[in-house]
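Single chain ahead, by itself, as structure tokens, in the form predicted alone.
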Amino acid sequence: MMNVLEQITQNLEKLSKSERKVADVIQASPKTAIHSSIAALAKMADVSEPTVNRFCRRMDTKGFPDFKLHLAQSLANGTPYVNRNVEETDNVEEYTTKIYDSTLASLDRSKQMIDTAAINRAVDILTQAKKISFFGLGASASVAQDALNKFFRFNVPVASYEDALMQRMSCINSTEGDVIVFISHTGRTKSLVDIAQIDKQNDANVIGITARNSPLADACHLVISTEIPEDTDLYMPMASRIGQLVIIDVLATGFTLRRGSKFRENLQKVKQGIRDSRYTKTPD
């Protein structure tokens, strides 16, 4: 179930201007809000007390006291901007174990929910591409770069851009036969959505590794979702980023198998060609 901090983030665009002021104060310092009276919070937000009450009811609580209770529970359940499973009092052993366990659990859920038909279709599209580009911003940019490293050796033109202007210029020049893979956990980044729409207009194939039913998903021909529920507006991207990397590995593996044994022999030559760049492995 979504906690109240996540609920605030999800509903920001629906709030009135004065309610948004209340949200801003609470998000800036939730602990202060918990220990404040309604009068004190209203003063900090420069709004009236009825506005604070109205905001609280918007968050599906009965009023300010009930809202503070839910807010306290949200903070107990996780530390914002770190990991939703981590608590302030965790020691190094506890938060290390929690992050490993939550990531493994998220990947297992993703494995159960993955749409293999979408994976198969994506591999079909990628193996027939004249050119492949991977686009990501923020945390997803590192995933796009990893995809570039994987596909670079596949004997097909490939590029990766993490700058919105470069992405836009690349898409303006896209044509039929080009494939652009957009990577975004939320699918709500405006510039990526705009650029994906340009690609569709130019008849390029647009694949999204993103959230289902998101604006970006609507702009793509094909969507692959990790199905990992992680609010990256509030928490640092962790399990969601790992899920994206696994999907890239799955697509790269499918690409390799689909191209056949001769293609794999060429990959082996690439591996041999860079062998001299490494020191010889010595026994422990």
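One-based numbering along the sequence shown. Given the structure is predicted, the values throughout are model-derived calculations rather than measurements.
Same protein, other form: the form predicted together with the DNA, not shown, and the subject of what follows.
Engineer: Using heavy atoms only and a 4.5 Å cut-off, determine which of 44, 38, 242, 252 is in contact with the DNA in the model of the complex.
Structural biologist: Selected residue: 38.
Engineer: So in the model of the complex, are 18, 50 and 68 all sitting within 4.5 Å of the DNA, heavy atoms only?
Structural biologist: Every residue of the spot touches the DNA in the model of the complex.
Engineer: May I ask you to state whether residue 63 is within 4.5 Å of the DNA in the model of the complex, using heavy atom distances?
Structural biologist: Yes, residue 63 sits close enough to the DNA in the model of the complex that at least one of its heavy atoms falls within 4.5 Å.
Engineer: With a cut-off of 4.5 Å between heavy atoms, is residue 258 one of the residues that contacts the DNA in the model of the complex?
Structural biologist: No, no contact at 4.5 Å.
Engineer: Is there a heavy atom of residue 221 lying 4.5 Å or less from a heavy atom of the DNA in the model of the complex?
Structural biologist: No, no contact at 4.5 Å.
Engineer: Tell me which of 24 to 32, 243 to 251, 221 to 229, 54 to 62 has residues with heavy atoms within 4.5 angstroms of the DNA in the model of the complex?
Structural biologist: This holds for exactly one stretch, 54 to 62.
Engineer: Note whether the distance between the C-alpha atoms of residue 16 and residue 194 decreases (closer) or increases (farther) in the model of the complex, against the displayed form; the change is 3 Å or more.
Structural biologist: Compared with this form, residue 16 and residue 194 lie farther apart in the model of the complex.
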